[in-house]
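Next up: a single chain in structure tokens, the form predicted alone.
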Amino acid sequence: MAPPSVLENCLEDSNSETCPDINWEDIGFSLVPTDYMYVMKCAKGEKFSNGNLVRYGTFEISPAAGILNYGQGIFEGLKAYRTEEGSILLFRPEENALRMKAGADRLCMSSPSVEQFINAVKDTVLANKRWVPPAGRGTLYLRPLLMGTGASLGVGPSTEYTFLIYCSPVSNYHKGPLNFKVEEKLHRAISGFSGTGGIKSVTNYAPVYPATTEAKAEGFSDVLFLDAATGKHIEEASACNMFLVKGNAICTPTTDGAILPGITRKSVIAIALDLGYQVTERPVTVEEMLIADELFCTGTAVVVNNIASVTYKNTKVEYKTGSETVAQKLRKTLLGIQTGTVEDRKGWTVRVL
């Protein structure tokens, strides 16, 4: 008889059928250490091979690693959903794999194949399945990382790459009504395809901290950034895509290299078209946003959320919210597909268990 696999050992060792002693109602969107993480490495110029599940925890890295010195790293975010019947579903993981590859190509990094990415995600979920919250009480958030971990003093691609996945049970990213502030001085990304706004580079996020920290200190939920070229068009918030609604028309900024091509964004557009809405992807001016009926954001963490107000140049504009809004209709359908209560006619979900 063949020896048990690494995954089988992990499942047996972690007593994965036992629910953790946790109050699912209070987890919020913060790190809850789970049992295992997935690690896979490869040298520069080579392809990734098989990885391993290891105990969740810290790991050693050279102080000369590319991720630490030159920011050569990207990440993804996706969720595992518990259905009412107790099975576990992933939502469009192949899209995360393809987006990671696009980011890796931009930063001159080796990357796992789509199959390797999806299998690694599945193994990570199965090894931590006791941490997937019950249906309707949260999700298991997975964070795949791709990092240059080889030691090198000179500026250039790393000599080694590490693909790592860790996870944490989470609930809502934002709580309560969302009130955004338009940021006019700082920009999230360079306009067009010259920068890295269109990939999930680790370097995209810390530069927005001054704007978001100030906004949250003033009582806002998040910051809405404008294009760097003209300052006249909306782009996205710190970690989510933007949509506006006017009548039966839905509009969202074009993913023109400065805006991340969100997987939730892409899915919401498809659902909206199926429901009969007119959807347009194009540059959206601040003036258009200020006269919209609804404003909402999308993302893996936020799912689909109404924005109650936006403050621009000290003027506060309020929007429709509530269960009858377009945003909530789209959210209901999307969550239904993700959790198995709405038939998945598009083949978006992948069953893990």
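Numbering starts at 1 and runs along the sequence shown. No experiment lies behind these values; they were computed from the predicted model shown.
Another form, the form predicted in complex with 2-OXO-4-methylpentanoic acid (COI), is not on view; read the next lines as being about it.
Engineer: From the candidate stretches 104 to 112, 141 to 149, 157 to 165, 247 to 255, select the single one in contact with 2-OXO-4-methylpentanoic acid (COI) in the model of the complex, where contact means a heavy atom within 4.5 Å.
Structural biologist: Of the options, only 141 to 149 has residues within 4.5 Å of the partner.
Engineer: Pick from 131, 180, 173, 81: which residue has any heavy atom within 4.5 angstroms of 2-OXO-4-methylpentanoic acid (COI) in the model of the complex?
Structural biologist: Contact check passes for 173.
Engineer: Considering 283, 77, 231, 192, which brings a non-hydrogen atom within 4.5 Å of 2-OXO-4-methylpentanoic acid (COI) in the model of the complex?
Structural biologist: Checked against the cut-off, the match is 77.
Engineer: Counting only non-hydrogen atoms and a 4.5 angstroms cut-off, does residue 97 reach 2-OXO-4-methylpentanoic acid (COI) in the model of the complex?
Structural biologist: Flag for residue 97 set to no.
Engineer: Is residue 277 part of the interface with 2-OXO-4-methylpentanoic acid (COI) in the model of the complex - any heavy atom within 4.5 Å?
Structural biologist: Heavy-atom contact with 2-OXO-4-methylpentanoic acid (COI) at 4.5 Å: absent for residue 277.
Engineer: Is residue 301 close enough to 2-OXO-4-methylpentanoic acid (COI) in the model of the complex to count, meaning some heavy atom within 4.5 Å?
Structural biologist: Within the cut-off, so yes.
Engineer: Check whether residue 239 has any heavy atom within 4.5 Å of a heavy atom of 2-OXO-4-methylpentanoic acid (COI) in the model of the complex, and answer yes or no.
Structural biologist: Yes.
Engineer: Output the sequence-ordered list of residues from 205 to 220 with at least one heavy atom within 4.5 Å of 2-OXO-4-methylpentanoic acid (COI) in the model of the complex.
Structural biologist: If the 4.5 Å heavy-atom criterion is applied to 2-OXO-4-methylpentanoic acid (COI) in the model of the complex, 205 to 220 yields only 205.
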